[in-house]
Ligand code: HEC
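Next up: a single chain in structure tokens, the form predicted on its own.
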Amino acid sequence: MRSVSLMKWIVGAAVVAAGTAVWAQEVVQATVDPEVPAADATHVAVLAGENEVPPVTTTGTGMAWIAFDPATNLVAWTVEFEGLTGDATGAHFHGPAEPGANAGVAISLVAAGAPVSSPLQGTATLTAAQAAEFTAGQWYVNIHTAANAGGEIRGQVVAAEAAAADAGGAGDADAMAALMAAGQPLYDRNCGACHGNAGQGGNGVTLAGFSALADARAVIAQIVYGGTFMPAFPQLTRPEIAAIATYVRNAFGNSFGIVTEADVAPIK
């Protein structure tokens, strides 16, 4: 993770939402671009109105990239959103709750008095109980507005690799969003040093506008077996390969469609 400039605030310990107390948390607000936590994301959340309980009709969408360190229980996040009915009035992790159920606020995604504007970035240290809920998939990200005080867009926090695997092969927008969210941090860790964070190339070929990416099987084989100047990545799992392949085929101005685990299976 790159060095960042940080400002610290303390979130109040006595806040109560939906009957659930919010314990004191030290939130560190980062003043950097949203690539920083995404580069180390272990979890993601795809935010949409249809995920609210009850569902909300909105053009709002969003994505959360979350990095969790089980050794320290430190969680870091970047949350981007747009298209809401109005200004965001609050943004939180909620839990514990499964999809289809509501829960109170666990941690605010913004420091007290800070603007609720995209992108939101920060860190906090979870309690042991919170960490157990988080890793069990019982937390969700929720963005609130005046028109939808209970939440306008929401997304369950899931492991990045699981998001890629669960996308399954359905060619819909949710599958694409999950694969792209999982693929970005994997690309940053494994490919960005050579191909550039924006696909601009360097030691590797320029991926932005690269027509050869249209051949999904060739992309998969290149990742698995490498090439003349590119190393092989046999350590990557099938879901990880599907996520990276989808990301490079649809980031940087490209639009070549998703790659699924089923597409990877015949090659790896």
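Just count from 1 along the sequence shown to find any residue number. Here the structure is a predicted model, which is why all the values come from computation and not from measurement. Only the largest set of C-alpha atoms that superpose within 1.5 Å between the two forms is called the rigid core.
Separately, the form predicted in complex with this ligand exists; it is not shown, and the next lines address it.
K.L.:
Picking from 92-100, 146-154, 191-199, 107-115, which part of the chain touches this ligand in the model of the complex when contact means heavy atoms within 4.5 Å?
P.N.:
It is 191-199 that comes within 4.5 Å of the partner.
K.L.:
Against this ligand in the model of the complex, would Gly227 count as a contact residue? Criterion: heavy atoms within 4.5 Å.
P.N.:
Yes, Gly227 sits close enough to this ligand in the model of the complex that at least one of its heavy atoms falls within 4.5 Å.
K.L.:
Going by a heavy atom distance of 4.5 Å, is Gly204 a contact of this ligand in the model of the complex?
P.N.:
Gly204: yes, in contact with this ligand in the model of the complex.
K.L.:
Does Ala48 make contact with this ligand in the model of the complex, using a 4.5 Å heavy atom cut-off?
P.N.:
So Ala48 does not count as contacting this ligand.
K.L.:
Quick one: does Phe233 come within 4.5 Å of this ligand in the model of the complex, counting heavy atoms only?
P.N.:
Answer yes; at least one heavy atom of Phe233 falls within 4.5 Å of this ligand in the model of the complex.
K.L.:
Contact check in the model of the complex: Phe81, Leu84 and Leu120 versus this ligand, with a cutoff of 4.5 Å between any heavy atoms. Do all three pass?
P.N.:
So, no: the whole triplet misses this ligand.
K.L.:
When the two forms are laid on each other by their rigid core, does Tyr187 show a Cα shift of 2 Å or more between the shown form and the other one?
P.N.:
Yes.
K.L.:
With both forms fitted on the core, check whether the Cα of Glu50 differs by 2 Å or more between the shown form and the other one.
P.N.:
After core superposition, the displacement of the Glu50 C-alpha between the shown form and the other one stays below 2 Å, so no.
K.L.:
For Gly227, does the CA position differ by 2 Å or more between the shown form and the other one when the superposition is done on the rigid core?
P.N.:
Shift of 2 Å or more: yes.
K.L.:
Gly90 and Gly183: do their C-alpha atoms lie closer or farther in the model of the complex than in the form you see, with a change of 3 Å or more?
P.N.:
The answer is farther, because the C-alphas of Gly90 and Gly183 separate from each other in the model of the complex by 3 Å or more.
K.L.:
Are Met63 and Thr237 closer or farther apart at their Cα atoms in the model of the complex than shown, with the shift being 3 Å or more?
P.N.:
Relative to the shown form, the pair is closer.
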